[in-house]
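What follows is one chain in structure tokens, specifically the form predicted alone.
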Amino acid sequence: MTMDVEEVKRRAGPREFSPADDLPEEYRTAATRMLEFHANSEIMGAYLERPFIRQSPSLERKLAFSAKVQDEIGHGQLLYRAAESLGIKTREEMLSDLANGDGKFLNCFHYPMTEWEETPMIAFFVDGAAMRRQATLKQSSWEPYAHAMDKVCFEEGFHVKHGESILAELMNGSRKEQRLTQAAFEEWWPRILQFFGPTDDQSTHHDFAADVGLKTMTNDELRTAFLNSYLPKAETYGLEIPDEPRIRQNDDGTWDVVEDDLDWEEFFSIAKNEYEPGLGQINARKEAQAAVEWVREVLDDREAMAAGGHTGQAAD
């Protein structure tokens, strides 16, 4: 018998629900939205970093970026499967929506990244922010999501160390490398602080997700926790915190960001997937998906032939 939403709220707890439970559509839709968004972000993050497999300045860095990109694609597939188990959308539908611009993904991955000095902005700061969020999702009420986070968090820990290693190397390098890295930090810092999404008063999905146990911390709580962890790390490596968005220190020594300084109009604009820079990233994904369409067709044909079906094509 299908549970109603109030029963789901009463029972909500870490890893409480699985595909064996007959959950209401409201829960399944909310969980699918979260998982699809997360999976899309893993895929688009991999596309953003993929060019640096070739651009890396050493064999060690090439191997590390290659492994990282493979990890991110794997995380995406793992999360699509966890979303698929909710029975709302198939993996193929979610991938098609992403390629067609209907799928949403993290704001950071809408922007192009072209210079080596930009790589630690994703590999250290954004991945560090991701770890902050993903660690809480290990307590999600949707069991397949929480299980996926066990593997994702383990691998993301290596990604953060990889990014920190690049940052340390750059900030201990030449004055030119330090200057370029500082410039990249100033450009990416507002995007990094927007990683966790809109402020709590503008978030449209948080309350329900929290009530049914899909999330355990608010966007503002996660942003503040990240800031207090990573602001000292940035300063340790010699990065100067930009004047805007303003960062203020509280009486207890903790820090928070002046939320009004963040460009939320731009944030919501690019989330619509209708404008640059995000549109360029989506088009790249669409082209990549189209380029390997023949592989899917061949595999489908072989599967149909193995099952005794007729594909309408002559055998070789």
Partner chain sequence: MIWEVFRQEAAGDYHAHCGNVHAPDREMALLFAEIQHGRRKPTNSLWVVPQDEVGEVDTDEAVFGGTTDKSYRFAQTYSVEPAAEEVEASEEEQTEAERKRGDL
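Residue numbers count along the first chain shown, from 1. Please read these numbers as outputs of a predicted model, since none were measured by experiment.
The protein also exists as the form predicted in complex with its partner chain; that form is not presented, and the subsequent description refers to it.
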item	value
Heavy atom within 4.5 Å of its partner chain in the model of the complex - residue from R246, K104, H147, R81	H147
Among the candidates G157, P242, G74, G87, the residue which, in the model of the complex, approaches its partner chain to within 4.5 Å (heavy atoms)	G157
Partner-facing stretch of 115 to 123, 95 to 103, 128 to 136, 211 to 219, counted where any non-hydrogen atom is within 4.5 angstroms of its partner chain in the model of the complex	128 to 136
Its partner chain contact at K233 in the model of the complex, heavy atom, 4.5 Å	yes
Partner contact for A67 in the model of the complex: its partner chain, 4.5 angstroms, heavy atom	yes
4.5 Å heavy atom contact, K161 and its partner chain in the model of the complex	yes
In the model of the complex, C153 touching its partner chain (heavy atom, 4.5 Å)	yes
